[in-house]
Each structure stands twice: as structure tokens, then as C-alpha cells.
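First, one chain by itself in C-alpha cells, the form predicted on its own.
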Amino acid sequence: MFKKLFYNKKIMPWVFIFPFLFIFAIFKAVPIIYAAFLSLHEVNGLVGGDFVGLKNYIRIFSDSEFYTALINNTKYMVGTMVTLIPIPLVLAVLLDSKFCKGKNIYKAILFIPALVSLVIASAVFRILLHEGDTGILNSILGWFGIGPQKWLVNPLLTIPSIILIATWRWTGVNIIYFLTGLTGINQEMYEAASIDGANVFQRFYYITIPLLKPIIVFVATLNLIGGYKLFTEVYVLWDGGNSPGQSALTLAIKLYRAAFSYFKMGYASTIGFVMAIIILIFSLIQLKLTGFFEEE
């Protein structure tokens, strides 16, 4: 009986995926459903509240802090797009070059930041970005005759400071993604292009970039999602995310405050759902603009 059940092609696949489905239901599906329930209620604290329908959703779009956080997240997302796609792509091409010696050593060095705890990295950068002359980054700028900058105090420099951390941390990961894509490109294409007189830049523009398009879209999508989920760096750089003039306020920080500072669980759940909708909409727009849905 058991042997026949073990070889049953209709039942056994479900047996193997049942642990995943069970864990997903307990830790993903149920919390999402409960959050949807809370978003339709006025919940103060951890106890049930009154049903208010779409009142929380209407309220969020009249909340000026929400728009401030959305703009800050968008600035951060665009900034990481600028640094975390071109820079890793160029470095990946250089590492993939036959002229590069010690590739594995460079890969390991560039990947190390991704292994560092984000909390620890943010705490270290808080020291590096100290606004005084003792700040390491300001000391380096001083070598070039540039005066000390108030990285964490000047509202105009708060988002660039966070982008700097993201660039340091994720460049190595994106390099690995691009290197994986480069291994799938037939080298004969480059050789044929060279014979036809194409220089290095032309081969990069007309061969490398088009053939790496799926990887570029993938990396861009990850950056977009991460851009709107920004939390840890802001929370650590400024105690509790209290950045100057709300210049680094993010949607995740606003959600955290609503839930754990003011105990507005219903409103916090609403912010979470709106965040998910925003990420979904922008991801679909990005995929559409990059031709992801077009048939080959």
C-alpha cells in the first residue's frame, strides 16, 4: 500500500511540497489575510477595533508624511538604479575579460560587503559619515581640498548618504548576477564583431548590453523593490529614523512608527498594503518599458 502510494505521480509531488505550502500558509498567507482584515478596522493596540471600511485608505492619501516618505523612497530607488546597474555591469565586464588576473580574489573582495550585517554596516557608516573633521570620509575629501560635509545633518545629503551605503553593500552581488549572464554569451560573437572592425565600446553596446537585458531587468526589479522597502539604514543612521526635516523618512519607517510608536495597527496595515501596491505598479511599469512582456 505504502509502496504504491510512494510511486503515485499525482499524490507524491504534493507530499514533497506540503512542508513549503504549510510554512508559507502559516508565516505568509495568514499574516497577509490578517493584515488585510486590520486595514479595514480602527485598531488601537493589539485588540480588535471598529470596522471602518476604506477610511484608513482614504486617510493615507491626505497624509502629508506619506507623500514625503514616498518621494524619499523614489529618490533612493532612482539613485540606486544609477549606481547599482552601470557600475557593477562595467566591473563585471572587466572581471570577465581575459586580461584580468586573479578574478576569484576580486570577486571575493567585492562580495564581502554583502555578508556584513546591515545593522553593523549602517553603524560603521554612521562613524564614517560623521559631519566633523574627524569623519573618515570628510578627511578623505580634505585631501582634495574639499571642506567637511554634514552628511547626516544636511537634508540635501541624507539620501545620497544612504545610496552610498547601498552601493557599497550591493555592488558585489550585482556583479555576480552580471558575471553569470556573461558566461552565457558566445565568445564567437565578439570575435566576429572584432573582425568586422567593431571596437571595445561598440561590442559592449551592441552585443553585451542586449544579451544581458534579462539580467539587467532582473537587477533593476530587485533595486526597485528594495528601494521602497528601505528601513534598516535609516533607522540606524538616525536614532529611530528621526532624520533632519524628515529628509530620509521612508514608507517602512512610517509604517513602523504607526504600528509600534502609536499602536495604530489598522493604519499601519493600510500603509503596508499601499506599499505593496506601489511596488507592484512600478514593477509592472518598469517591466513594460523594458519590453519584458513582448514576445521574442
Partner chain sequence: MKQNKYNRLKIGLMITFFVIISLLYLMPILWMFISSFKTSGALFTTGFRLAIKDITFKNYLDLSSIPFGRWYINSLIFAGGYITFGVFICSLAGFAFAKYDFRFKNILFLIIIAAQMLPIHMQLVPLFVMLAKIGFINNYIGLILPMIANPFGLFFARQYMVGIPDDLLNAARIDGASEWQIYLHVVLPISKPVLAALTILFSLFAWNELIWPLVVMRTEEMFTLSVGLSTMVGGYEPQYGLLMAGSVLVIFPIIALFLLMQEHFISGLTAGGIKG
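This one's a predicted model, so the numbers in the text were calculated from it and none came from an experiment. Here the rigid core means the biggest group of C-alpha atoms that line up within 1.5 Å when the two forms are laid on top of each other. Positions refer to the first chain, counted from 1.
Beyond the structure shown, there is the form predicted in complex with its partner chain, which is absent from this document and is the topic of what follows.
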Heavy atom distance at most 4.5 Å to its partner chain in the predicted complex, all of 84, 91 and 95: yes
Note which of 70, 40, 236, 60 lies within 4.5 Å of its partner chain in the predicted complex, where distance is taken over heavy atoms; exactly one does. 236
Does its partner chain get within 4.5 angstroms of any non-hydrogen atom of residue 150 in the predicted complex? no
Is residue 111 close enough to its partner chain in the predicted complex to count, meaning some heavy atom within 4.5 Å? yes
Hey, in the predicted complex, is residue 249 touching its partner chain, heavy atoms inside 4.5 Å? no
Any of the heavy atoms of residue 116 lying within 4.5 Å of its partner chain in the predicted complex? yes
Tell me which of 191-199, 209-217, 153-161, 137-145 has residues with heavy atoms within 4.5 angstroms of its partner chain in the predicted complex? 137-145
At 4.5 Å, heavy atom to heavy atom, what parts of 21-36 sit next to its partner chain in the predicted complex? List them in sequence order, or say none. 21, 23, 24, 26, 27, 28, 30, 31, 32, 34, 35
After superposing the rigid core, is the C-alpha displacement of residue 26 2 Å or more between the shown form and the other one? yes
Inspect the rigid-core superposition and answer whether the C-alpha of residue 274 shifts by 2 angstroms or more between the shown form and the other one. no
